[in-house]
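Shown next are two forms of a single protein chain, provided one at a time as structure tokens under the names structure 1 and structure 2.
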Structure 1
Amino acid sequence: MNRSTSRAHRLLTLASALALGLVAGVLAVVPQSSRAADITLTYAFFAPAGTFPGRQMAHWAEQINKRTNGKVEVRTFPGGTLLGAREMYDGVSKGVADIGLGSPSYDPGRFPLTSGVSLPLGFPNSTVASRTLWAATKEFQPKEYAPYKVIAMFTTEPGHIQSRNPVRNAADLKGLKLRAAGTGVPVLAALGAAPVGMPMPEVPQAVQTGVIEGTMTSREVLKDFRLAETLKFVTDYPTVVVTFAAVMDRKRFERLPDDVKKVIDELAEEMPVWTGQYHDQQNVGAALQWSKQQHQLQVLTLADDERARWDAALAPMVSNWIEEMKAKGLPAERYIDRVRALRDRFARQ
């Protein structure tokens, strides 16, 4: 290469670099995700963004944006800023939010069949229970979701008693004011405690003010709601899961373009596993470690005979539930049989 060609070459390189830079600059100014979206969906959740259902919401929002190449944008409203726990599903029906993530467990009267998943059925973890809930919902198409399109379902891990004072036996539990949600209330009643039902976001203050002596729920709340500052004991007795369902108004969903509906359906299949695995493999473990290190949390084991008595006290709940739901004309027996079979299948995978 002589000097002039090499200069020309350098100039050319400079020019193309500038051109490339310009293109890159334009791309940087208008990245795909912030390109004016065709569709904006609002998504409400009743608890903080950092909790595991909140992370699910953020993941879903990010994925739908990505998989529709920016066509759908989601504005998330965690922490009850748009809808609280008690008004979530009505709020979606009224159009306050396009999507609402609520807990069917908080309202078993409204979601009767779903409450079967929250019976003491011995789920090993959240992943298995979440997959079971979703598979059973698809199979049975419960009427309770008729006004909605369910876009994501998952559960907590089985709840544990988390208390200010140690709970090692029925005597420790007798008359103890513990908070639970949904079927957790009859579980605590059967074990002899004095259950108080309230949504999760109200728990920290109720613990602080001594309204309750503890709670029975998944153990990540020790860190995510900083409950380990006051609740220093966990009883190693897994009980029932709490269900979550994110829904859209069905008519609103039907108006979406087909390609967007397809992505929503695709994500609905992934959410139980994504959320269950995050909760089981990172969230709960990190919370227990933090609580032990920072707040001297103690995990209490039940004696074998005590555990057997607790199991016996809870056993009638399933048959009672079946009778109650049969009286409402629901396919309760078939539902529980399927839930048990799905639980075993997913537990083996």
Structure 2
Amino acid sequence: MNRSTSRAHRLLTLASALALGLVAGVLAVVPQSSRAADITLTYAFFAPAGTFPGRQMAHWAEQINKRTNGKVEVRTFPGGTLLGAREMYDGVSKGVADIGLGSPSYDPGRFPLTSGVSLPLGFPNSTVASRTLWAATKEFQPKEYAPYKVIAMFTTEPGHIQSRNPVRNAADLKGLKLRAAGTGVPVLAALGAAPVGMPMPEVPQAVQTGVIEGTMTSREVLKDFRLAETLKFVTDYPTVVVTFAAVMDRKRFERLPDDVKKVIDELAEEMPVWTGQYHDQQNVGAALQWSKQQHQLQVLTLADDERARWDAALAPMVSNWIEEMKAKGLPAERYIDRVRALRDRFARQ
């Protein structure tokens, strides 16, 4: 090898070493999670991403990707873009989506035992109700979930009457046209109001035009739908919650690797507290603060004797439900007793 050839060879070797070193350096700083995911899951929800269940869905997707080091990627489909509310659980069974977040409260025929949580049981907030729902579901293992793996459960806060004029007693409530949904309709009827069923997005215009005098639902709508501009009063009487359950088809879940299933189980334990606290503090809490500061919202407290009368008016809803479920062979009385005990335990914590 002559001198010029040897020099060219040394330069080529040096360049190759530099290139390899540069590539190694680049690889060293690429985060592990940037690699292509081994598993992609689709996650459907019927309401917009900005709602608190939508925020839960996004949080769950972020966490499973992080905790599996990028092994699992979740593609979210909020706002009914993949499945609507009525078709959510059938859609999961048929494989339209890997995961579906639906509301058992909207489908009591499919989820009869779970519908007991949506009775007027006096839950103080979403966190207590969410923890109660999850604990009761684990304990009773309702057959209604047999086709599914439940990956998350939580509830809204209890619905409150939000009205144009103050509601302090049954006389103020008599014949009052208030929007309600689900078990909120029989609640208002039992209290003497005139419940009106309508989708939540229609409520602001219905209030403005006098079609209704208010609504009974969880209180984040005061800010989200700017209802505090018109509805200046909230009656501090918690009524009923709406339940949510995110599920996978059980066979689909069983095909996942064990390490992924372990992460899903860990997240299922965390979701009632995380979602309940997010809803109570950042969602409802912020809405109430904004409504009071910006629109002088007033929160009205019922007198003790009036509260007792309202409680007595709603009590038959629970006893009637127990008899109905017992006729179906379900442990209804034991379930309600346990739900109440769990409610009280979590409320003390």
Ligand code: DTR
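Just so we're on the same page, rigid core means the largest C-alpha set that superposes within 1.5 Å between forms. None of these values were measured; they are calculated from a predicted model. Start at 1 and count along the sequence of structure 1; that gives the residue numbers used here.
Of the two forms shown, structure 2 is the one predicted alone. Annotation for Glu323: C-alpha shift under 2 angstroms between structure 1 and structure 2, rigid core superposed. Core-aligned CA deviation for Gly276 between structure 1 and structure 2: less than 2 Å. Superposed on the core, the two forms barely differ at Thr155: its CA moves less than 2 Å between structure 1 and structure 2.
Overlaying the rigid core between structure 1 and structure 2 leaves the Cα of Ala308 displaced by 2.7 angstrom. Note on Gly197: its Cα is shifted 4.4 Å between structure 1 and structure 2, core used for superposition.
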